[in-house]
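One chain comes next, on its own, written as C-alpha cells: the form predicted alone.
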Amino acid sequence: MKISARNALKGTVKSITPGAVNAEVVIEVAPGLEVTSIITKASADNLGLVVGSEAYAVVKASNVMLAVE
C-alpha cells in the first residue's frame, strides 16, 4: 500500500458496530490505544473488515488542534 497521508496507524480491528447506513470500527493500534472511525457500512463490507483483521487508520488533515483546561 502506498498513500500520501503522513499518518497511517497499523492496528487490529477490535470491534465493528454496524448500523443501518454506517459502521463504527475500532482499531487497536497499541495495547490500550484505540482509534475509532465511522465509515459507511458498504465501505466496511468492501474492505472485508472483520474483528481480528489488520487494518490501517489513516489520518489526512492539514491541521491537528490541541486543547487544555
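Quick caveat, the model's predicted, so the values are computed rather than measured. Residue indices: 1-based, along the sequence shown. In this text, the rigid core denotes the largest set of C-alpha atoms whose superposition between the two forms falls within 1.5 Å.
The form predicted together with another copy of the chain is left out here; the points below concern that form.
With a 4.5 Å cutoff on heavy atoms, A61 counts as touching another copy of the chain in the predicted complex. For the chain shown alone, V21 is a contact residue for another copy of the chain in the predicted complex, at least one non-hydrogen atom being within 4.5 angstroms. Along 33 to 69, a non-hydrogen atom within 4.5 Å of another copy of the chain in the predicted complex is carried by L33, E34, V35, T36, S37, I38, I39, T40, A42, S43, N46, L47, L49, E54, A55, Y56, A57, V58, V59, K60, A61, S62, N63, V64, M65, L66, A67, V68, E69, in order along the sequence.
A movement of the C-alpha atom of A61 reaching 2 angstroms or beyond is seen between this form and the one not shown when the two forms are aligned on their rigid core.
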